[in-house]
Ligand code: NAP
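One chain comes next, on its own, written as structure tokens: the form predicted alone.
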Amino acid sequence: MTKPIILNAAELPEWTHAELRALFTVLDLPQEPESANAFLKEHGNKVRGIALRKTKIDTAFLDTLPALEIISSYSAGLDNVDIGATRARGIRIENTSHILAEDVSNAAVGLALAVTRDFVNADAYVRSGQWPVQGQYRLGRSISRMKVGIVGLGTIGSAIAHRLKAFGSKLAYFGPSRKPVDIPYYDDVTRLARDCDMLILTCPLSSATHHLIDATVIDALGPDGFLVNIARGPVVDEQALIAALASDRLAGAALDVFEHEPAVPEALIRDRRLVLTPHIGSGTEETRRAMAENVVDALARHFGIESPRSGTVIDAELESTH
């Protein structure tokens, strides 16, 4: 039986590449753009699937892949994929939002606690020997007594809401449409910010959400408000955030993502009201392994090939499109 031909456009663990090579005929996409274009013109008409991570998939890219059936992405976000063009061609898209939701939501709540209770600076206070000299540390804020607005109530946002309910937080959410949930819905993010003590961002990055959190929204959140971003950096207008912090129009922020990462503005690095982490929302050994496994398994399911995990052939029709 001839193996399906797939394009490897992802930097993945070596064991994942070995699994892909065992199941498929794998063509590795060159990293240099000119070489990649020439490669696709020569081989693209044979490619039926893609293992994807950060490579940009636009209309021009898709034009070189007329036989493409499925894109299996390592990431939850698909801001590097032209979703409309892909779906218009009937190409299936698989991502890992259902896999990383638990650890990303854990990270979001951890960041919310860290910024409201000032854990990072409190740690430095103990380590520097100030506690015996300065005495009791300043008081923090309680998320159990806050109204928290979740921007994007998808898989990750719903997991965050589940956790915050256990803390006793009052919840509300913003999104493009109302969900069948017992949480107040806002169709205006500025109004949500005005009514909340904290915003947690979990929405995908798109043309509609680029700089969604701008100066107007930040000002609506106010000088006692907090911002947590575990979505994508460009959802926040970073310069507007810096300006608001400089004039004390925001109490603090916890950011796992940045507009031009890995570059982080010095103004954010210097500001001790912020908790900053290097895009590690899904960064656990367990979740990252499961994400890589899913890249392989989603392709195997689609082509009805024996799954490396289950050891059985899975009917491709049983797997839903994300």
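Heads up: residue numbers just count along the shown sequence, starting at 1. Everything numeric in this text was worked out from a predicted model, so none of it was measured.
There is another form of the same protein, the form predicted together with this ligand; it is not shown, and what comes next is about it.
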query: Stretch in contact in the model of the complex with this ligand, which is absent here, among 124 to 132, 192 to 200, 175 to 183, 140 to 148 (heavy atoms within 4.5 Å); finding: 175 to 183
query: Contacting member of 208, 246, 88, 166, with respect to this ligand in the model of the complex [4.5 Å, heavy atom]; finding: 208
query: Position in contact with this ligand when the complex is considered in the model of the complex, options 234, 77, 222, 110, heavy atoms within 4.5 Å; finding: 77
query: Close approach of residue 257 to this ligand in the model of the complex, 4.5 Å, heavy atom; finding: yes
query: Partner contact for residue 228 in the model of the complex: this ligand, 4.5 angstroms, heavy atom; finding: no
query: Residue 100: touches this ligand in the model of the complex, heavy atom cutoff 4.5 angstroms; finding: yes
query: Residue 155 within 4.5 Å of this ligand in the model of the complex, heavy atoms; finding: yes
